[in-house]
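The chain below stands alone and is given as structure tokens, in the form predicted on its own.
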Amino acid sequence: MKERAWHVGTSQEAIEMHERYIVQTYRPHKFVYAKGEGVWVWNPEGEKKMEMLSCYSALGGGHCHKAILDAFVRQANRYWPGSNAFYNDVAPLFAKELVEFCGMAKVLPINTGAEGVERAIKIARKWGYTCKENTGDSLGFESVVEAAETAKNWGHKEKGIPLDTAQIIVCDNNFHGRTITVISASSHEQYRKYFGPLTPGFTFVPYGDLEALEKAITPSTVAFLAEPIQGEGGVVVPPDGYLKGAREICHKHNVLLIWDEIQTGLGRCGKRFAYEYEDARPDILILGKFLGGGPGQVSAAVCSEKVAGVLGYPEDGSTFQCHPIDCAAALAALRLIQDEELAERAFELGNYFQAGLENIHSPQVKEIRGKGLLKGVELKHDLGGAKPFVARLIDEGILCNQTHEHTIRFAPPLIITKDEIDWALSIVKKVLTEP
């Protein structure tokens, strides 16, 4: 084959070609990735920046982590996807270790986060039409007898709602993806406008409001879908007791609890999953981002015993589902989280980062929020938005982004060190305190 270039040579070329040939659904900052290692990246001209966004939490192990890269390349040299008409020898091991990692029953692997949400919606709707009883397993009872007795006391009966009437409760200000059905579950007009008719079947309630959640439940309600911490919504942490309260309400009314932990899970927030801060185990757990380790494209709807058998052939599937190369990277990422105790590390360093941000005492800051290594610094609204501050941070060496207009989001790789956090804090202090 004729030798050809595999990447463009300069930042300006990359930007111009991107804008010329790629549909502009994003507005990228003017930095071009050309090399990455750990928490550091370089552009084609050799300018070095610190990675503090991690591809919206997908790079928990940083750029080009050796263990993940080795697994990805090793499998790429064995064989590529063979089709779901046959088995492969990587996906079953990945599924086993993921299910055990989550303490659940089975997993439905898929490719992107939004697809994981779509699958959770499909499972919840079919469950509502076909389930026979609620055994209470999702609350973690010690015996089936205890679970069944509790279900009986709470008046659980067959769900069996009429076909095509299922309702799923979602929260205002959520972000679950951008497919047609998922934007139908969004309260953000900019994601919905021009794309109707939208998918029916969603009821909106304020985030963090347990009373509103319980009032919204009807005989047609099959699930409550929410993020334990709203990431795109501005790194919004709910009131204490909300997660556990939501679980109790869902169980009381025979409604599935679905946590979208695509951004908050897999160690990001200082626990394996953010719901663990209140022991609010779901019936379906949606994962993505860091699940693929960085190079892999993997998401999943991880199911409790209650819903593990709901979908069957030929009700779901995808060409690249259980992709062996992606599953190899995902398997390496799961092992990395455990072997290097990344969740515990994120808890410790997240507290350290939080204290450092609070000690800046900037008059520009309205509030600092987050858990673990997911932080949102909300600026005072009369400043006109966070974007100019983000631009200055990027110029000074920190790659981050604004979310929900007024909030700067920081989500560094979970392998970041204290010294690297100290360096980042010095830059943040400079940008937030100097004119």
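All values derive from a computational prediction rather than experimental measurement. Start at 1 with the first residue shown and count on from there.
Not pictured, yet referred to below: the form predicted together with a small molecule.
Between the options 113, 128, 109, 294, the residue in contact with the small molecule in the model of the complex by a heavy atom within 4.5 angstroms is 113. For the residues 214, 276, 118, 232, the 4.5 Å heavy atom test against the small molecule in the model of the complex is passed only by 232. Highlighted residues 224, 250 and 283: none comes within 4.5 Å of the small molecule in the model of the complex, counting any heavy atom. The chain is drawn here without the small molecule; in the model of the complex, the stretch among 301-309, 258-266, 77-85, 199-207 whose residues come within 4.5 Å of it by any heavy atom is 258-266. At a distance threshold of 4.5 angstroms between non-hydrogen atoms, residue 324 is out of contact with the small molecule in the model of the complex.
Contact annotation: residue 245 falls outside 4.5 Å of the small molecule in the model of the complex, judged by heavy atom distances. In the model of the complex, the small molecule sits beyond 4.5 Å of every heavy atom of residue 238.
Using a 4.5 angstroms limit between non-hydrogen atoms, residue 72 is distant from the small molecule in the model of the complex.
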